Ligand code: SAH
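The data below hold one chain only, encoded as structure tokens and taken in the form predicted alone.
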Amino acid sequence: MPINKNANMRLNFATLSAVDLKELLLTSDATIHTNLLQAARLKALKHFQNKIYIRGLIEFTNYCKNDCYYCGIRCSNTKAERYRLTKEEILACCRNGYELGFRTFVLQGGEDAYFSDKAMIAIISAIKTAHPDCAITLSIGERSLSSYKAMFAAGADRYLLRHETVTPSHYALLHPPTLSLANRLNCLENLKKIGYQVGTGFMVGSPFQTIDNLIEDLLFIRRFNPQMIGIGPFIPHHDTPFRDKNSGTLQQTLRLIAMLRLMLPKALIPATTALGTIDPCGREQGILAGANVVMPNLSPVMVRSKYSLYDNKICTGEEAAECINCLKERIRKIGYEIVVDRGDYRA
């Protein structure tokens, strides 16, 4: 159906057709764009009031066995300065974060075989023993069903695994032949069956991405119904084959955040570091488009610049956990408040 510029508040995104989704993504009508973001903001306020949840991000290894063409820590990047945090260093990050008011820790890293199931279980168990009131989110890529089960049993609560694109031909343009979309989607299904709160998502404006690819991603997310959705603009890294590609745009990312909020009203959607990288107020704009999570960096200062997925990633200043009061003030200025809360998904 034709999208009326005044109708965004009444559209049912749970059933909206691919044709209508495409029309919303393609429109250049500023009024429709503004109304869409406003509707998403009101939807988020309805379910979460003005609360913004914080996650303490711990980037604990930048070793990765994979060679994804867009990623700065891809295994073939010999210029990357590699590091691994010890269990003790990770626990120190959590202690610091707990004192600052964090009640969720996100352990993120490349697919690093050094962190075996045994090693991850020891880390997860130690965090849970020290901070039983906190949630643990993992973002460490594709692993076996038994691995996911073991980490869940040890106390992991959530798992982030972006699908990146649900179109097989597009997936093949972004990844080497050793990786398959089928396996990525199977991992997501396994995580959901085990009982994790599951997050997925994609890059906006990734190389070779078409509007039809984005529509397929939106429809997949609607079907999969994840508890968390992470999207952010593609930003190239100078040591990858995509070094000369253009970044995704702020406005397209904001529009997609809004559409996803209206599609899955109760989802946890972060205003990502990438948003803050392409625009100094990008995360605030993400929140005003319906996002309700921010993820300040708890990693040791000495390694933050080494976890370089893309160029110019912000790794010091107000996105850092040490400046949580600065971040609170920025969030307060747009009418929201950071809360000390695990921020669990509530069905």
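So that there is no doubt, residue numbering starts at 1 and follows the sequence shown. In this text the structure is predicted, and so the values were computed from the model without any measurement.
The same protein also exists as the form predicted in complex with the named molecule; that form is not shown, yet it is the one meant from here on.
*Asks:* Can you check 26-34, 306-314, 292-300, 279-287 and let me know which stretch has heavy atoms within 4.5 Å of the named molecule in the predicted bound form?
*Replies:* Selected range: 306-314.
*Asks:* Mind checking whether each of G141, R162 and I235 has a heavy atom within 4.5 Å of the named molecule in the predicted bound form?
*Replies:* Contact check passed for all of G141, R162 and I235.
*Asks:* Which residue among N213, S147, Q197, Q108 has a heavy atom within 4.5 angstroms of the named molecule in the predicted bound form?
*Replies:* After the contact test, the surviving option is Q108.
*Asks:* Among M203, L191, M151, L262, which has any heavy atom within 4.5 Å of the named molecule in the predicted bound form?
*Replies:* That would be M203.
*Asks:* Is C71 close enough to the named molecule in the predicted bound form to count, meaning some heavy atom within 4.5 Å?
*Replies:* C71 belongs to the contact set for the named molecule.
*Asks:* For R184, is any heavy atom within 4.5 Å of the named molecule in the predicted bound form, or not?
*Replies:* Yes, R184 lies within 4.5 Å of the named molecule in the predicted bound form.
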